[in-house]
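Presented as structure tokens, the chain that follows is alone, the form predicted on its own.
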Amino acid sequence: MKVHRIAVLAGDGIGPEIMQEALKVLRVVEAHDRARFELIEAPFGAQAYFDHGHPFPETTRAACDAADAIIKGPVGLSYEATRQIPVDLQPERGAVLPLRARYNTYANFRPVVLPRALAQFSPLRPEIIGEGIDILLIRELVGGLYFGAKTLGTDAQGHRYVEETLRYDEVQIKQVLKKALAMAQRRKGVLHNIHKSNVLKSSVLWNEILEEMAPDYPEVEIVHMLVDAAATHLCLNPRQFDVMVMENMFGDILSDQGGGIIGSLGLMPSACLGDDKAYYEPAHGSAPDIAGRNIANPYSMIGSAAMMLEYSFGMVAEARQIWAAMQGVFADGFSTPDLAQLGGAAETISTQDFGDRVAAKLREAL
């Protein structure tokens, strides 16, 4: 039986409790002789800094290096706790960005999926949702403003200033566009290219490279759309989109908007893919204010585990069964607290209960 080594980075806040539900589901898959998972737990994030002196300790790097894939929870503690950490070692700068850079996880896949079973959670009107929303948002993840040079200083007049560099080269752009074009080809044959070429020269280069690549994908229709227009259309007509591709900061913003149109970032898993390794994580934060209360929604964490099975281990059928099991819990009339106010008469259940119900449905399906 195939053995998959997984580095498990539970993270901060609600991370450990939602991670337990994802691992519970993986154990169900394992129990049905589909694969074996060797889980290597390692510290990562703000608490790792306090416990080990670094948010991405050397032992954790070694565990990630040795793993076939990485699954991580959200990171970050309260504002007060974060202020006790040096700026460059705060978890986003000191752990998350180095994780992406270490494995060149340049393509971030964020599914924005709202099937009929979840339609009651969306703030959009039923006629806009129609039969459901199914968007794959692909975000470039290791370039742009987030990774460019950053300078804080004081000018000759004594005024404080900040300078941050947005840089992309054609290799970075090509590798993520190749992923996006391939996914569009596999899906409905339409790729929305989100840009700001009327202002940013980085978008001009991005679009030029896409036009050069397009002839290799003649069956893919490419639709160009400015990022501000895309933000509007995600609310007014989200069903026009299937695969969307964009640079780093645009993707950060629009993917969170995607969580808004389906009702919660708690419904937003993600895959961060490189050529040699990938890591998987929820798109939401660590919510330290509700940590330990057994009320966090584990959907995005379990969904991230499903994406890991599909993209890292080729276990497509098992991944789909996990998705169906999660959506089946909602279809049965249950909701997690973050969605309760949107879910009508749904019965609110805990983090652990949601995981148990998903596991039970998955056992029946496997």
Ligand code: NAD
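Small disclaimer: the values here were computed from a predicted structure and weren't measured. Numbers for residues come from their place in the sequence shown, where the first is 1.
What comes next is about the form predicted in complex with the ligand, which is not displayed.
K.L.:
Applying a 4.5 Å heavy atom distance criterion, does Ala296 contact the ligand in the model of the complex?
P.N.:
Answer yes; at least one heavy atom of Ala296 falls within 4.5 Å of the ligand in the model of the complex.
K.L.:
Counting only non-hydrogen atoms and a 4.5 angstroms cut-off, does Ile71 reach the ligand in the model of the complex?
P.N.:
No, Ile71 stays farther than 4.5 Å from the ligand in the model of the complex.
K.L.:
If we define contact as a non-hydrogen atom of the residue within 4.5 angstroms of the partner, is Glu318 a contact of the ligand in the model of the complex?
P.N.:
Heavy-atom contact with the ligand at 4.5 Å: absent for Glu318.
K.L.:
Would you classify Ile290 as touching the ligand in the model of the complex, given a 4.5 Å non-hydrogen atom cut-off?
P.N.:
Yes.
K.L.:
Let me know the one among Gly76, Pro238, Gly144, Gly251 whose heavy atoms come within 4.5 Å of the ligand in the model of the complex, would you?
P.N.:
None of the others qualify; the residue that does is Gly76.
K.L.:
Just give me the single entry in Thr82, Ser197, Asn104, Gln257 that has a non-hydrogen atom within 4.5 angstroms of the ligand in the model of the complex.
P.N.:
Flagged contact: Thr82.
K.L.:
Quick one: which of 197-205, 167-175, 264-272, 114-122 gets within 4.5 Å of the ligand in the model of the complex, going by heavy atoms?
P.N.:
Only one stretch qualifies here: 264-272.
K.L.:
Can you confirm whether Val96, Glu281 and Ser300, the three residues that make up this candidate site, all sit within 4.5 Å of the ligand in the model of the complex, judged by heavy atoms?
P.N.:
All of them do, each having a heavy atom within 4.5 Å of the partner.
K.L.:
Give, in sequence order, every residue of 92-111 that has a heavy atom within 4.5 Å of the ligand in the model of the complex, or say none if there are no such residues.
P.N.:
Residues within 4.5 Å: Glu92, Val96, Arg100.
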